[in-house]
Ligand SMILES: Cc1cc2nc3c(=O)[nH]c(=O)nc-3n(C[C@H](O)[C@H](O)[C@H](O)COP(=O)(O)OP(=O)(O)OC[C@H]3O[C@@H](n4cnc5c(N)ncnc54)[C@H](O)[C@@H]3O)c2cc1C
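In the form predicted alone, a lone chain appears below as structure tokens.
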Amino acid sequence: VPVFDEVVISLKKMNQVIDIDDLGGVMRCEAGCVLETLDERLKEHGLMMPIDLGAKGSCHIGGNVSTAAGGLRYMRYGSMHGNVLGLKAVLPSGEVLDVQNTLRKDNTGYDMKQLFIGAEGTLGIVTEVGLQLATLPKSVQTIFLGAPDWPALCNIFRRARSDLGEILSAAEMIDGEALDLILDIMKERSPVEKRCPYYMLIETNGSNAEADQAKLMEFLAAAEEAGIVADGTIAESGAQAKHIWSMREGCAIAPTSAGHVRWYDISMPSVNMKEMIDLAREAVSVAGFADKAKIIGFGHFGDGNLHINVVTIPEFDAAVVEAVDRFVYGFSRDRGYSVSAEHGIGLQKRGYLTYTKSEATVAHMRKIKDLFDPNGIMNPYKMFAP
């Protein structure tokens, strides 16, 4: 996003799939390919992209690489750091760095591609990508569960990880206040009857629907017997699964229609998510902004990634944002959390980079930036101050 005097370069016309090796489960494509388009193309080969994002209908694979995208499949299939096999990038000098290949194993010196994954375009422009793909599951099961309290929610995940094992692919958390706001904004019906303080969306990917459903039923019976599920539903159709997922995806999108939204993206132990949500609400209240802001908490429980959205109603309020920034980033620094689990640094978090990385580490990162881009022309102002 341009901030001052930058020139924006669009790669949307570089949208060709170069080749797909369905036996090896790998692909090469240009950076302007849209994530959802690639997913649809790969279905013909019994494959799918290893990442899935709410913005899949518009985001480009080159941007996914440059931001080290995580998303909804991270728990099962990992991030771009693990799924990018090779790439081509144009450096600030005009030189093309070609480390493109689709080999799963290549132990020949420095792994140069990793420098560009998550670099946010500050070192060069990624133009082509080689990707490791995932097998398209023959069976996808989606359930939505309400938990009576936070310990119960944690135990739902423990049991899901134990009982569902190799087919568990997603475990997403939504707190009760978040779902209340989403349902009100979207004018939708909750997937479950009871209003609960916490909810978990669980999805499985497998190869045998009958066996997967049997596993799910055993898991649910055991969870209900243990008293850790207050209410729940199993998607019996694609439409029902889509409705359930709309609750989770709506947490990031729907609040923008209610007011100004400030997004926070913290990597932390999942067990501590409740504490941070509660303290964020307390910080807003103590600062005297309880009537101006709503805090909603949700995230990728399975990989310890909490999203906190602060909705200032009806419009942006700098004092609210300053109060929440001070708490969220300060608390993350003091607890040893990461101030950015998957959204990157950009301009907004530039001043907080040393809250997660040491001064020495940031200094070496800056040296790498200066080596590749001595004139500071690649995505200037982002990640580092000029």
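Here the structure is a predicted model, which is why all the values come from computation and not from measurement. A residue's number is simply how far along the shown sequence it sits, counting from 1.
FYI, the form predicted together with the ligand isn't displayed, but the following is about it.
Each of V126, W263 and H343 places at least one heavy atom within 4.5 Å of the ligand in the predicted complex. With a 4.5 Å cutoff on heavy atoms, K294 does not count as touching the ligand in the predicted complex; it lies far away.
Contact annotation for D231: none of its heavy atoms lies within 4.5 Å of the ligand in the predicted complex. T67 belongs to the set of residues with a heavy atom inside 4.5 Å of the ligand in the predicted complex. The closest non-hydrogen atom of K113 lies beyond 4.5 Å of the ligand in the predicted complex. Though the ligand is absent from this view, in the predicted complex it lies within 4.5 Å of a heavy atom of just one residue from G86, G121, P197, G259, which is G121. None of V320, M49, V26, L53 but one reaches within 4.5 angstroms of the ligand in the predicted complex through a heavy atom, and that residue is L53. Remark: of stretches 179-187, 157-165, 99-107, 70-78, the one touching the ligand in the predicted complex is 70-78 (heavy atom within 4.5 Å). The partner is not shown here, but in the predicted complex the stretch 294-320 reaches within 4.5 angstroms of the ligand through a heavy atom at H300 alone.
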